Ligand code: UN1
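One chain is shown next in structure tokens, namely the form predicted on its own.
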Amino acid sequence: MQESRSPAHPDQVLATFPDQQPGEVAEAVAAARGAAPGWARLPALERSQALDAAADAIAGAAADLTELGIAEVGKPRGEMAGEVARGVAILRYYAQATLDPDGDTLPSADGRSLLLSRRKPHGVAGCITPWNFPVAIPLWKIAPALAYGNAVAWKPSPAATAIARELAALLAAALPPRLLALVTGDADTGQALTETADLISFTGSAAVGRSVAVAAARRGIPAQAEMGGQNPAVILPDADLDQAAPMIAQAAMGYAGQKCTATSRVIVVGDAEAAGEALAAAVRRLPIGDPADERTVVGPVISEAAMARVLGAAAEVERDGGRVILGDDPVPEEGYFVAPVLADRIKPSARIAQEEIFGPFAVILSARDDADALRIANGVRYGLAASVFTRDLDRALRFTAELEAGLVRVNGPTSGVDFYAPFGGVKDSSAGPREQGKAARDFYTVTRTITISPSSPG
């Protein structure tokens, strides 16, 4: 049995659950596969109504889901409430997407036949999700899978199992029996799901994501993996620092930096000292404390291991010849709290400027000019999100063209995702097709080409 504990109050056990064995996972997938054909045959309007009913159920339980998310993953109240609202919006979006065209017609070779393409669901979508967005990420996988006619087998992170159980119960009440299977456990459970589902959508670490993609390739099934980032925010000399600093501070340290799109590197062309002072002041204004407090912006990290990882990265700064300019703000004694760390005078090649720390930790890097800033920004193995702050349209256009990232913002934060737009990265940040929006249809369906010819000569 495993336990899920509150990161703000580690003595509080929120859920106990088993590691489901491969045979149990196979049984759950088989049951979902049995329900899938009937669901796929339903008129699109009926699938739409079911997703709308699920949205209504989650909206009705929003307060309870918010409280559970605050307790289980330590997400500050404002962010958690917003995430639940986004989950409702995702379901409503895909409820309408069921009514989109499901194919195309094309000119036939003989001019008399009907040549068309139609989209068909794969069967059972295996969804493996992390703890940091316990509502939004599962729903931006589950909702399109269901909308396009698939069944779903879902493995949440062990650290977000209590809220996953509640969310799964709300969804299941609006769906046909056995269409949605929740399987619980750790790596072995995820591996069993990868070996039995008809396609796999994964969000998590780069190492695990690569193994999922390799396992799926061996079986010849579709896979998509979102695997994190080391996201840069570039400040050019003409940027409005008063606007940029608070935005970058929030993107780097909000929710204790535990977002794949969080800003990890601040690349400054110009006066890095002034930028560092402005950023430090902006970070200090972010309230640290109990995530249940409405004022809190920086809550706990998810575990003791995560806390040790951030503290270890802070200790590396001086060993790498850098300087910690922020990192000793007071934090609550109970729970996995760590003060936000901001460091400068670090080489771009340092490990802490290359690898994802996944906590309230960011480094400031100096660049000689725009070309140097682009070299530094692109000089990591990740490519998920990036931002550039400038008032110069020509420079903005250059950076949006040359930054190696799947999500690029001008005068905006790296963090945050529009659920109706394609989402994914390049290099080690992603593998497979994009998630979300209309792009999701390409992953959760397969195209068939059909020709219908007249039964007799014309």
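Don't overthink the numbering: it's just position in the shown sequence, from 1. Keep in mind it's a predicted model, so treat the numbers as computed, not measured.
The protein also exists as the form predicted together with this ligand; that form is not presented, and the subsequent description refers to it.
**Student:** Does the trio 48, 150 and 438 actually contact this ligand in the predicted bound form, every residue with a heavy atom within 4.5 Å?
**Tutor:** Looking in the predicted bound form, the three residues 48, 150 and 438 all stay beyond 4.5 Å of this ligand (heavy atoms).
**Student:** Can you tell me if residue 37 lies within 4.5 angstroms of this ligand in the predicted bound form, counting non-hydrogen atoms only?
**Tutor:** No, residue 37 sits far enough from this ligand in the predicted bound form that none of its heavy atoms falls within 4.5 Å.
**Student:** Report yes if any heavy atom of residue 423 sits within 4.5 Å of a heavy atom of this ligand in the predicted bound form; otherwise report no.
**Tutor:** Although this ligand is absent here, residue 423 would touch it in the predicted bound form, with heavy atoms inside 4.5 Å.
**Student:** With heavy atoms only and a cut-off of 4.5 Å, decide whether residue 259 touches this ligand in the predicted bound form.
**Tutor:** Yes, residue 259 sits close enough to this ligand in the predicted bound form that at least one of its heavy atoms falls within 4.5 Å.
**Student:** Is the gap between residue 133 and this ligand in the predicted bound form 4.5 Å or less for some heavy atom pair?
**Tutor:** Looking in the predicted bound form, residue contacts with this ligand include residue 133, since a heavy atom lies within 4.5 Å.
**Student:** Heavy atom within 4.5 Å of this ligand in the predicted bound form: which of 415, 390, 66, 430?
**Tutor:** The residue from 415, 390, 66, 430 that makes the contact is 415.
**Student:** Name the residue from 184, 196, 203, 230 that puts a heavy atom within 4.5 Å of this ligand in the predicted bound form.
**Tutor:** Exactly one residue meets the criterion: 203.
**Student:** Looking at 362-370, 209-217, 271-279, 133-141, which lies within 4.5 angstroms of this ligand in the predicted bound form, counting heavy atoms?
**Tutor:** Contact-bearing stretch, as computed: 133-141.
**Student:** Taking this ligand as it sits in the predicted bound form, which residues of 71-103 have a non-hydrogen atom within 4.5 Å of it? Please list them.
**Tutor:** Heavy-atom contacts to this ligand in the predicted bound form: only 86.
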